[in-house]
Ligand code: GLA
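This document opens with one chain alone, in structure tokens, the form predicted alone.
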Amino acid sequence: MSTLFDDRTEELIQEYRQRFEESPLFISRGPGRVNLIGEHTDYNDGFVLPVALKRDVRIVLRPRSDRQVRVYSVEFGESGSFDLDAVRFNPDRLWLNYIQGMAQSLEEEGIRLVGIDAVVSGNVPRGSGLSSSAALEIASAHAFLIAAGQNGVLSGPRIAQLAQRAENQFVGVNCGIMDQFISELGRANHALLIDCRSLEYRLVSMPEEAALVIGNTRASRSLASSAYNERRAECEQGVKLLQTALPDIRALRDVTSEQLEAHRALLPQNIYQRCRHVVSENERVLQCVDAFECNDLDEVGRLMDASHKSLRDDYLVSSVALDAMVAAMRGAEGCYGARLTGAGFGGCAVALVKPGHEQAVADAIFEHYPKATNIWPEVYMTKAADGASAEAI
């Protein structure tokens, strides 16, 4: 019996039996993620420190003898199908494209897949910045691999790269590697330090005293994509200007705070501020790892607070909703620190909290955030969870 067997899985199995009139043989899982610190550093060749969430996408499935894929999505309440020999973007089933893209990416890697019948369901909130798309890609990868008898053939980092390729090239979203990496490689009670240039990574143990509360602002993220492209361009401009004095740098990852201050006269004020965020944020990620390893959660909280201030004041990607959420979190007893997480403008904030104080932080959010924004939030309590898996039911 699967170690994932719980009420959610039982409901998925029953749904499968109703849809396909037989029982599924396998289950795969891909978790969502929250980034503790290291925001807008990934596309600057920098460092990030995410954790995998207990919230995940699950797929129950049965292999077919042909190359047909039939999938039912519980959340969307609709079915989709495709032929592994004729994968094409489906404008009417956007969720299905993540599964199709993953299949195509695996086949391009030389993995011969078989068709599946599957039911998919997730409790990672969509559009919240907690990477429901990466969770679906990673769960799909493991579903296809276990159905084809290819579980264990690919390394975790390679599966993550193939999932990123699926999202970049098939779905058409220019995401970095962080979301897929942590969904694949996360481990319970650990964060994952990822070097976004070399793709080297290592697990960072999180103390037992480290609980997480995530506040979903449920505010519009409509500005996020345009601002994201604008910030990338500003960072690239900053590198070009700094290269006149620092010819060996390739990205802001290569610049220290001391170097930036020494050459700030080369930069327009707005470019300097964007660079200052990225350079200082990279330093904060590494300082945060050191603090976790010394069990200094007060220092981790201080660094998270400083990260939010930098994102708000230098990178200009916070919002009234995110600032209100972070303020509500910080005002609660037992909160070490809090910051926006993800691209910004909406989505979620994350707080590091003393165990036993999670409800106090949630209560503070529900009391103060709606008054400031007139929006009712969602709150999730979690600890760092394991990454992806696939097994027989």
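Residues carry their position along the shown sequence, with the first being 1. Being a predicted model, the structure only gives us computed values, none of them experimental.
Below: the form predicted in complex with the ligand, not depicted.
The partner is absent here; in the predicted complex, the one residue of Ala219, Cys175, Val87, Ala188 having a heavy atom within 4.5 Å of the ligand is Cys175. Proximity of Phe366 to the ligand in the predicted complex falls outside the 4.5 Å heavy atom cutoff.
Though the partner is left out of this view, Gly46 does not reach within 4.5 Å of the ligand in the predicted complex, counting heavy atoms only.
For the chain shown alone, Ala360 is not a contact residue for the ligand in the predicted complex, no non-hydrogen atom being within 4.5 angstroms.
Using a 4.5 Å cutoff between non-hydrogen atoms, Gly342 counts as a contact of the ligand in the predicted complex. Partner contacts here mean any heavy atom within 4.5 Å of the ligand in the predicted complex, and among 350-358, 330-338, 62-70, 33-41 they occur only in 33-41.
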